[in-house]
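One chain comes next, on its own, written as structure tokens: the form predicted on its own.
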Amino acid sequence: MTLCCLNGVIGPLDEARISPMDRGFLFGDGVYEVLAHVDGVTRARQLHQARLAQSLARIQLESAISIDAIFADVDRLLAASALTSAKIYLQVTRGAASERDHRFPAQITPTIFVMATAWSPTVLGPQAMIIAPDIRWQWNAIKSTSLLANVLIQQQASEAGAVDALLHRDGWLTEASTSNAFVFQDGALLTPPLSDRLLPGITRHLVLELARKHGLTVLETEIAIDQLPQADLVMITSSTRGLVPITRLLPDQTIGRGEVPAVFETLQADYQRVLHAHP
């Protein structure tokens, strides 16, 4: 039985109920986080807390929410679930109002939902992706629950036989639909600089730390989408996928020699160690 915590109450997921007037349901008016809980430790907890606080501030909801209380719910749920390794999904919406109105209600209580499901980290081998226009909204640095564009992009990638889609705006790489993107090129690790166009990924942050520790040249710079086939390797990163090597662009392009360089394998091995250590 999968358990969840809805507004502080722990119970079976299939018995949880929200109002149809919840603004998360009606407008996607909310934010979320996805965390990896590995061997009894919630990985990069402090980084996720900070990002959640930033998202809440961007949607003007920070004053109504206690980050500590939310993560106390996470801890209680994990204890009740008896899961040592899990994927944690937490979501905060503005809550349910008496009428459907785009404007913020004067008085409203946020809805806080946490779900933990059994999960264990896996190491993925070389994958293929497609390239697609970035059709999402302009504030992707907010981890918003408004994900219709991401859903459509993921479906397009799935139907093409790809793990995801590399997105671009006017020919410049932003990220993937659910992951940050990196390029290995001539001994350097490149990734687009943080901006409202992309999410400040937790795994992105950790990978940059690891790369610098290994003495890699790290460049946060604009990357032309048409340069990707000439790269040594493309990589996507996320909290649940980890580090994923991309060696093909569908329908018919190979990235570099179609091989995974040793530097990627080193970073991937170090990242697996970080899974068990980062606070």
Ligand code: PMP
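The numbering used is simple: start at 1 and walk along the sequence shown. What you see is a predicted model; the values in this text were computed from it and never measured.
In what follows, reference is made to the form predicted in complex with the named molecule, a form of this protein that is not presented.
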{"property": "Every residue of Arg51, Ala176 and Ser239 near the named molecule in the model of the complex, heavy atom within 4.5 Å", "result": "yes"}
{"property": "Which of 197-205, 154-162, 107-115, 89-97 lines the interface with the named molecule in the model of the complex (heavy atom within 4.5 Å)", "result": "197-205"}
{"property": "Any non-hydrogen atom of Asn150 within 4.5 angstroms of the named molecule in the model of the complex", "result": "yes"}
{"property": "4.5 angstroms heavy atom contact with the named molecule in the model of the complex for Asn180", "result": "yes"}
{"property": "Contact of Tyr32 with the named molecule in the model of the complex (heavy atom, 4.5 Å)", "result": "yes"}
{"property": "Heavy atom of Lys143 within 4.5 Å of the named molecule in the model of the complex", "result": "yes"}
